[in-house]
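For reference, the chain that follows is the form predicted on its own, supplied as structure tokens.
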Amino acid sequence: MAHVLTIGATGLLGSTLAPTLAACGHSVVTHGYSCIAQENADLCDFAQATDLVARVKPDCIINLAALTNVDLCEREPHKAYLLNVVTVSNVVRAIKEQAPHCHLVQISTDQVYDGNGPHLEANVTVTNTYAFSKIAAELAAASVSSTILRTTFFGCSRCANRTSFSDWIVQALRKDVPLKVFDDILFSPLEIKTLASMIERVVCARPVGLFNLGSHEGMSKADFAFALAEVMTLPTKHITRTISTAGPPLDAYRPKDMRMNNRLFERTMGLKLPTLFDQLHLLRRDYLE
């Protein structure tokens, strides 16, 4: 079992991942800006990052912290640089100085892909500031022993102030709120508990390299909304299909096809990832409880 420092543990993914790691027997130290985290260091400050790593002495660090608001990254690229790049660079320097045998798991994004998918890891097309900052973070992470995971997810949030894409859909349908979903944006996310389980496997195996980690047979976000409604037996009369360019202009360009080819991860880890339809069926019990 590993002694794991989970950076960004109080966010959407971290709120599921940290308990998953602990349940598997790992020793988990949580970091975040919330008072519920055990550690509250500002990782934009190298001295604080170094002190954190020196005190915790982890043998594995999982970095979930990032500015993921795509439009905010576009409006404030310096903030995207600080929170998505400088933090990773500081953690990497701290590992080199304080914990040279520590393995880093860096969570990246499917937003680095565009054009016709599913995409292999080498098929990168950077189309917005958020994606650029995450690619820069990947490069920093790769300078130490690391597993870099390009991924995206949905599922029932355990984070009090954050909702997932599927939360947003279910809440709207339950309240009969009109819902516009994009038919021109394709993705291949994993359900959040499945993703947490895959990350736990990575903590144990520590494969070095860059990997896509998503579901098979992705779909458009509009198809996802209709499929989720069917799984939840919720009415679809308020769902409207639209395209990403139909409404008011967005600050950042949205990649149109972010579906990923996950074969490298499957071969390396000796497993088979599920289809997106399989993942959708995991949600019914969570949302009914």
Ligand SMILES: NC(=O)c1ccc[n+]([C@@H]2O[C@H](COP(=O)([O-])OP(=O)(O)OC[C@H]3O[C@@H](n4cnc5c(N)ncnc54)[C@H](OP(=O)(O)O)[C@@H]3O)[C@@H](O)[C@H]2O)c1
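The first residue of the shown sequence is 1; numbering continues from there. Quick caveat: nothing in here was measured; it's all calculated off a predicted structure.
Another form, the form predicted together with the ligand, is not on view; read the next lines as being about it.
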Taking Phe132, Ser220 and Ala246 as a possible spot, do all three reach the ligand in the predicted complex with a heavy atom inside 4.5 Å?
no
Checked Glu230, Asp251, Asp42, Asp51 for heavy atoms within 4.5 Å of the ligand in the predicted complex; positive is Asp42
Position in contact with the ligand when the complex is considered in the predicted complex, options Met258, Val28, Ala65, Cys60, heavy atoms within 4.5 Å
Ala65
Is Leu12 one of the residues lying within 4.5 Å of the ligand in the predicted complex, judged by heavy atom distances?
yes
Contact of Arg162 with the ligand in the predicted complex (heavy atom, 4.5 Å)
yes
Is Phe211 a contact residue for the ligand in the predicted complex, using a 4.5 Å heavy atom cut-off?
no
Does Tyr33 reach the ligand in the predicted complex, with heavy atoms at most 4.5 Å apart?
yes
Given the stretches 120-128, 139-147, 102-110, 177-185, which is the single one in contact with the ligand in the predicted complex, using a heavy atom cutoff of 4.5 Å?
102-110
Heavy atom within 4.5 Å of the ligand in the predicted complex - qualifying residues of 178-193
none
